[in-house]
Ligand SMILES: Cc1ncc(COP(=O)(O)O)c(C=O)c1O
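Below sits a lone chain in C-alpha cells, taken as the form predicted on its own.
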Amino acid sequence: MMHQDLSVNLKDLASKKLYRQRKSIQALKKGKIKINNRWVHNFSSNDYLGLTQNKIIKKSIIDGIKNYGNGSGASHLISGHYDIHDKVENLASESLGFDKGILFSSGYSANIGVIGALCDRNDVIFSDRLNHASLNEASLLSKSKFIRYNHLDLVHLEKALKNSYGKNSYGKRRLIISDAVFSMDGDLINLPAIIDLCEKYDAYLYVDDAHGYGVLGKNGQGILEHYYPELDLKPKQKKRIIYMFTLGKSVGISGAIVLANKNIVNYLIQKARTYIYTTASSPAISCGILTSLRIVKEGKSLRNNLLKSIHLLREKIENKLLLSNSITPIQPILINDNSETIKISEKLFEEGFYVPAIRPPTVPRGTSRLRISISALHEFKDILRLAELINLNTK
C-alpha cells in the first residue's frame, strides 16, 4: 500500500541523513530570526539587501491594500490585471533596456511557463548541468530534446550546438537555459561568450538571474549590468536574450519578471499556462515591488556594505579549500560528507548561527555543504564570529 511504501522511503532518507525538517520562524529582527523562542543570526536567507524589512516598502504595500484591496480576484487575462502590474513591468523593462516585461507569481512558475510556451517536442534545449530544479522541470515538461552540458563548460556546449546545426540540424528552435548565478555555488555564467554562441548557432538564451539581480552591477541590475556596465548590448544580441529575475530575494517580496523582445512577451501572454491559468498576484504586492525596484537601483551603499562582508568572510576562513569561487553573497563551505555537514550546522545553531546543511539531491552526491547567505543586515562582528566558529569546526 502507498502509505507503507512511503514509510519505507522516509526511513531510507533518514538513514542516509537526507531527511529534511522545516524550522518555524516566530519573528525576525534585522539579521536575526526567532526559532523555538530563541534568537539566532540568520545566514540562510536570500534577502541579500535586507529589503524584506524595509519600512518604505512596507508602507507602499499597506497603501496598496488601501487602494486596491487584499487580492487581485482573478487571473491576468480576466479581470486580475491592474495598472500597478503594468507599472512594475514597464519599470523593469526600461531599467534593463528591454522592449517589454511580464510579471509572474514566482520564479518557478515563470520558468515552467516561459520554457513550456516557447519549446515543444520539435525543439531542443541545452541546459547547464547544475541549473536550478525548476529549469530542469520546465525542460522535461516541454517534451523538447533535452541536452545537458557540463557545468560552465562552453566547449561542451558548443559541441552540442554544432551537432544540432547545419546539414545535420535537428530542433526547430534552439534554446540555451542557464542560471546567471548558481544558487548552491555562487559562480557566474560567461554571459558574453554564450551570447556569441547564440549568434553563431541561431540559438536563444533564457537566463534565470534570481541570485544576481540586486547584487551584481553598479546599479544592481544583475548579470547583464555586471558584464555590460552601460547595458549597451547590441540590438541583435539583446533579441537573443529572454531574461528573468525573481522578486523574492534581493527585491525582498515575491514573484518574478521576464523581460524580452515584445513579440516574445506578447506570445507568452497568450501561451504561458502558469500565467494564464492562475490568479494574478495582489496589486498591493506590486506597489511594494515598484518601490523596491527603485530602492535596488539607488542602493549603492547597501551593495558596498554587502561586498565588504563577503570579502571579510572569505578573508577570515582559514582553509581556503572549503570555499568556492564566488564573488556573490552565496558562500558555500564544502564539507562533502552528509553526517559531518549536519553535525557542523547543528553546532553552529547551538552557538546562535543558523547556517543550513545542503545535501543531495539539491547538490550532487558527495558535495554536501553549509550554504552561507550574507545579507546587508549582517554586522561585521557577526561575520567574524561565524568565521571563527567555522574554523574551529573544520580543523
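For clarity, every value in this text was computed on a predicted model and none was experimentally measured. Note that residue numbering begins at 1 and tracks the sequence as displayed.
Form predicted together with this ligand: not shown, discussed below.
Stretch-level contact analysis of 226 to 234, 143 to 151, 316 to 324, 104 to 112 against this ligand in the predicted complex, using heavy atoms and a 4.5 Å limit, identifies 104 to 112. At least one heavy atom of Gly255 is located within 4.5 Å of this ligand in the predicted complex. Although the partner is absent here, His132 is a contact residue: one of its heavy atoms lies within 4.5 angstroms of this ligand in the predicted complex.
In the predicted complex, this ligand sits within 4.5 Å of a heavy atom of Ala210. When contacts are judged by a 4.5 Å heavy atom cut-off, Arg174 does not count as touching this ligand in the predicted complex. For the options Thr246, Ser139, Gln221, Ser282, the one in contact with this ligand in the predicted complex, meaning a heavy atom within 4.5 Å, is Thr246. Ser183 is the sole member of Ser93, Ser183, Thr291, Asn305 with a non-hydrogen atom within 4.5 Å of this ligand in the predicted complex.
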